[in-house]
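The chain below stands alone, shown as structure tokens; this is the form predicted alone.
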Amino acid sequence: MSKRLTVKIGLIQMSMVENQATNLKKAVAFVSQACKNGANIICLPEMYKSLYFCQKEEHYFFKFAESVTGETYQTFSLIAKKYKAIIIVPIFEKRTDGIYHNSLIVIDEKGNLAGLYRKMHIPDDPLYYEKFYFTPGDLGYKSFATKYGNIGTLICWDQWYPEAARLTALKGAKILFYPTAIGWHPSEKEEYGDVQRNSWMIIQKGHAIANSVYVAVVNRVGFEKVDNNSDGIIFWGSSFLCDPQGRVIVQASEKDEEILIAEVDFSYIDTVRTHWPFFRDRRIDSYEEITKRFID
């Protein structure tokens, strides 16, 4: 029998306002509280520091970007070191003049920069005009070795792609974190809301099952509108953590700010993979066509 390897996960579901300093102050308070509640690995939502400005294409918003070692890193590095915690913090990264990424940094328990991930899949949909702002990630899929175990990091739109989850798991990640900014168009919520949200949950629970890993999803919450010519977005919260068999361990509401704290046992992954040996039975000799855009 595998030795238990338990870790406490902290997920910060929060709403954002126009003032970035206010958002940062709130995030610091929430992360600090999660640390005080015993969380070893903590994750914030995608683009936690601002409103979701990708609702419109506007050059003004590029001024929100920062370097990898900018204010976000400087702020949360101190907290990570103080509480001996791993903190996953999304950033709007300015890599150089004219090149920006939707990224996240992993800060280790000593306050050091332990990892950088750049969002690979960039959407371009109504009110989600991310291709205007973000260059697609070029660092590949990542598994970061930390004091509390190997963690994989993906971002929002990445969550719809089984290939991203698989490659991250194959690199050793025991838990996949998905910082997220997803919600309803107000005009569509009544007719399509349940289906959209359920699809979002099912696909990520499927990643957990297919790869025998834990999955942690951290969404923002609340109504945001940055363009007076649109109806805005109702971010549906519902942040959750599920186990390697897709069972939800803890889940937040659709409307409230919450700090989710839950324990995971990484040794359980070995148990599941022994009885459901998906990795053993993969036919890696038959997958070469997966790299094609479409098979005619």
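In case it trips you up, residue 1 is the first one in the sequence shown, and so on. All of these numbers come straight from a predicted model, not from anything done at the bench.
Below, we refer to the form predicted in complex with a further copy of the same chain, which is not included among the displayed structures.
- Although the partner is absent here, Gly246 sits close enough that one of its heavy atoms falls within 4.5 Å of a further copy of the same chain in the predicted complex.
- Taking the partner from the other structure, a further copy of the same chain in the predicted complex has a heavy atom within 4.5 Å of a heavy atom of Glu288.
- Although the partner is absent here, Gly115 is not a contact residue: none of its heavy atoms lies within 4.5 angstroms of a further copy of the same chain in the predicted complex.
- Although the partner is absent from this view, Glu190 stays clear of a further copy of the same chain in the predicted complex, with no non-hydrogen atom inside 4.5 angstroms.
- Three-residue candidate spot Glu18, Gly38 and Gly149; no residue lies within 4.5 angstroms of a further copy of the same chain in the predicted complex by any non-hydrogen atom.
- Remark: of stretches 122-130, 84-92, 104-112, 213-221, the one touching a further copy of the same chain in the predicted complex is 122-130 (heavy atom within 4.5 Å).
- Shown without its partner, the chain has Trp160, Tyr161, Pro162, Glu163, Arg166, Leu167, Ala169, Leu170, Lys171, Gly172 in segment 159-173 as residues with a non-hydrogen atom within 4.5 angstroms of a further copy of the same chain in the predicted complex.
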